[in-house]
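Shown below, as structure tokens, is a lone chain in the form predicted alone; questions about how it binds or moves come after it.
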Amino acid sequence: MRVAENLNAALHGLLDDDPTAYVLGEDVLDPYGGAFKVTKGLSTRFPDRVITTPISEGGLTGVAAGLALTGNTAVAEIMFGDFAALAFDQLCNFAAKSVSMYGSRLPLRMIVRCPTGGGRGYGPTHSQSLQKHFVGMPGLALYEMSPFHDNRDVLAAMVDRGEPCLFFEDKVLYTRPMGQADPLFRARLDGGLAVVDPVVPELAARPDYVIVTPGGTAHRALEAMRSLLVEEEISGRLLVPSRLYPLDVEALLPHLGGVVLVAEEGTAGGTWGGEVAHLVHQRIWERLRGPVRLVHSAASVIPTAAHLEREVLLTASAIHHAVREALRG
């Protein structure tokens, strides 16, 4: 099953299980079924609870927050995550605040889906990874889709939090298969954390380095890990948390030590990776060989042309090089 199909099935399951659940967004109705076909079939099965909206990210996010505020479960789709910027006020000044500003905690079951990232030739304003701009907002949780986490479980976790959640979905994942495809590695779940180790037990027990990355860049990290293992006999571990913020750093700690690197597609400066490094440094500085290394995309707009896009976005070779530099100390 492809990742998009898994997410589509998860949305069908949510609407099946929760009669208060609504899905809304631009062009989400059949026969179009959303820009990436993730909402395909929903409006046919649930015509009263799948709502198409005008092209207004602030408006549709505000409606979703209102639905959640009155006791419903709302899933809003922003067609391209870049335009979550247009919903910043509704997310940060209304939805996130409404959880706690009325004198007692008010559950707000609200998910805002944000297709994100480059690699598909959509150009500067439809290819960004804006996760860092929402890190640290009280009452707003951030999740990222991955091929290792069943989206039905992820949706359930976001609903159970009872607070607004942004769900970043890297667009390059939609057509990729769920699960682990590389035969040199084996993935397992430790709660909400995916742990990917070499299949050889001796290598898995003593990795030379650890990469922490969101789901959207996991395949690039695995490509780097494969080349390091095959070409240089350097073995590593990959950690992919489902929830980016608030980060469950305690879940990471048993799997960390020595050389640690955080890879993400966003640009440098005020990043999720910086938050990871800060929390890790506070807890296990004495177990590290040096500071946590951060690797990002270039500080540039994202071109449409594929060959130029590859020069800007985070690549497996950049991760490979960063690991080698970290191991050199």
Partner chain sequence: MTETLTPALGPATGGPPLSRLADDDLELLLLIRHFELTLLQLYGRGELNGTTHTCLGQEYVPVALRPLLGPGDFVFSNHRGHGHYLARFGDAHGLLAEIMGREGAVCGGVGGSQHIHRDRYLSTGVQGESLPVAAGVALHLRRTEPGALACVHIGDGTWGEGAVYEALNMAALWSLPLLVVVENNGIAQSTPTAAQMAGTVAGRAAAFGVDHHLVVSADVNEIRTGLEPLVARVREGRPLVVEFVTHRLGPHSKGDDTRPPEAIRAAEENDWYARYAQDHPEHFHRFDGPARALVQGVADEVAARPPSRWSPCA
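Positions refer to the first chain, counted from 1. Given the structure is predicted, the values throughout are model-derived calculations rather than measurements.
Same protein, other form: the form predicted together with its partner chain, not shown, and the subject of what follows.
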Partner contact for residue 59 in the predicted complex: its partner chain, 4.5 angstroms, heavy atom
yes
Is residue 66 near its partner chain? Define near as a heavy atom within 4.5 Å, in the predicted complex.
yes
Given that its partner chain is not shown alongside this chain, does residue 146 nevertheless sit within 4.5 Å of it in the predicted complex, heavy atom to heavy atom?
no
Is residue 304 a contact residue for its partner chain in the predicted complex, using a 4.5 Å heavy atom cut-off?
no
Would all three of 242, 243 and 272 be in contact with its partner chain in the predicted complex, where contact means some heavy atom lies within 4.5 Å?
no
For its partner chain in the predicted complex, the stretch among 29-37, 291-299, 275-283, 66-74 with residues bearing a heavy atom within 4.5 Å is 66-74
In the predicted complex, the residue from 89, 153, 160, 233 that sits within 4.5 Å of its partner chain by heavy atoms
89
Which residue, 184, 203, 195, 106, has a heavy atom that falls within 4.5 Å of its partner chain in the predicted complex?
106
Along 80-100, which positions have a non-hydrogen atom within 4.5 Å of its partner chain in the predicted complex?
89, 90, 93, 94, 100
